[in-house]
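We give structure tokens for two forms of one protein chain below, kept apart as structure 1 and structure 2.
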Structure 1
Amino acid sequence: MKVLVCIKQVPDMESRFKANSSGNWYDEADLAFRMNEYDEYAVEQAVQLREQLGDAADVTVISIGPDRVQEALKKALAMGCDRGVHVQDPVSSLKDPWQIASIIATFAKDKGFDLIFAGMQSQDRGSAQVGVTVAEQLGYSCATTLVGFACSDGVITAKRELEGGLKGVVKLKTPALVTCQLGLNVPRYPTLPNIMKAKKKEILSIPVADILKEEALATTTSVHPPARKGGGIVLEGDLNDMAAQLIGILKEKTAVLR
């Protein structure tokens, strides 16, 4: 079984973000980058499948971006993927989800992948469009928001998280694409021996111009922090006193009790 895993490198979400000089994305200076959290579940599930199938499985991991994304690829290789593909694009942040999906689909279309894993969404853009668009372009069956996964005889059994805490179970025949999220598994930490083995694994580099032929369908015109709002009021003291204070505030500052 040939497996492809799609990953993205994103800033650490604890970072302090500010708009770049063009105002259309965040400034990457002084940011720490890591593998997108949802993609870690995708990598882990692909590696678990490889462990299940043994030599019958082959796992390729792909990422799009500048040179720094090789660090995310190396982590995926250390987790157990067999080889990496780096689509070199120093301005990948300016690509819309349609273009990103087109890059992945163009790479994958003649490779015979039986199964593609992707994260549910990226933590920076959060569109949740890339995985399903890749499936549509390749003509693959697709299931999203997986919290459970099993594979047997070319049939995928996927447990999906639905609205209101409900779960749904669907079966898909390969070739298929699934998107992964929190609750599917617990991603492993690469061990030192596996980190050393990953250094010998192949990372193929492809210039983005060689495989991107699609124009953007959407453009990010501006990014900015949310507008500042006034602080709240914390009431303290005896319960009866706080109730009286609250009534006074409602009368003075709102029309609720008028």
Structure 2
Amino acid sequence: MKVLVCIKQVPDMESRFKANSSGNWYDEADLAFRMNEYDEYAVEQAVQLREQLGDAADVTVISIGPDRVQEALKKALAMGCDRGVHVQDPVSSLKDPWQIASIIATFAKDKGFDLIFAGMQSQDRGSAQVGVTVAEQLGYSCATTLVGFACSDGVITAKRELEGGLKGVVKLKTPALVTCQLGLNVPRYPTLPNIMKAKKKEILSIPVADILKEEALATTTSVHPPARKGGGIVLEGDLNDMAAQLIGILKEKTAVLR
């Protein structure tokens, strides 16, 4: 079984963000980047499938972006993927989801992947589009928002998460693409020996111009901080002072303390 996993590198969400000087994205300076959280579940599920099937499975991991995304690829390899593909694009950020999906679909076409894993959304942009769009472009069957996954004899049983704790169970046949939701599994931490082993694994580099044929369908006209509602009280400083102040406020404003 040939498996592809799509991963994106995103900034740590605890960072301070500000718009860049052209006002069309965020300023990348001083940001620490990591693998998109949803994609960690995708990698883990692919690696678990590889463990289930042994050498009958082969897992490729792909990421589009500037050179820094190799760090995310290396992590995926250390978690157990077999090979990496880096589509080199210093300005992947300026692509819309349609283009990112087209790049992945163009790469995957004719390679006979039976199963493709993606995250349900990215943490920074969160369109929740790329996975489904790749499936549409390839004509693959597709299920989104998985919190349960099982695969046997080319049939996937997927548990989709709906709202309020409800779930929906579906079956689909390969070739298929699934998108992974938080909590699908417990992503492993790469161990030191596996990090060392991963260094020997291949990362193929492809310049984006070789495989991108599509124009963007949407443009960003501005990036800006949200309008502040204000109103809230902000407490800073000494712990005991803040605790006393907070108790005072709760006594005054709520009926829960007397």
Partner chain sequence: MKALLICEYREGKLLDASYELAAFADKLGAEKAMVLIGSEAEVPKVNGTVYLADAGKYGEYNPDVHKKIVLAAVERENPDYIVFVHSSYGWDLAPRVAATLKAAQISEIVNIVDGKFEVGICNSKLRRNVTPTTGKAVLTIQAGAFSVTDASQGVPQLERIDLADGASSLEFVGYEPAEKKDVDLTRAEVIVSAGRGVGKKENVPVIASLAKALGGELGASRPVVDAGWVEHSHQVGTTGQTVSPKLYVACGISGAIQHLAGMKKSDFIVAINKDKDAPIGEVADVLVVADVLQFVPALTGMLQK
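We call the rigid core the largest set of C-alpha positions that still match within 1.5 Å between the two forms. No experiment lies behind these values; they were computed from the predicted model shown. Here, a residue number simply tells you its place in the sequence of structure 1, counted from 1.
Two forms of the same chain here; which is the form predicted in complex with the partner chain? Structure 2, not 1.
Please determine whether the C-alpha atom of residue 238 is displaced by 2 Å or more between the two structures following superposition on the rigid core. Result for residue 238: yes, a 2 Å-plus shift.
Checking residue 19 here: with the core superposed, does its CA move 2 Å or more between the two structures? No; that C-alpha moves by less than 2 Å between the two structures.
Having superposed the rigid core, state how many Å the Cα of residue 252 shifts between the two structures. Its alpha carbon moves by 17.2 Å.
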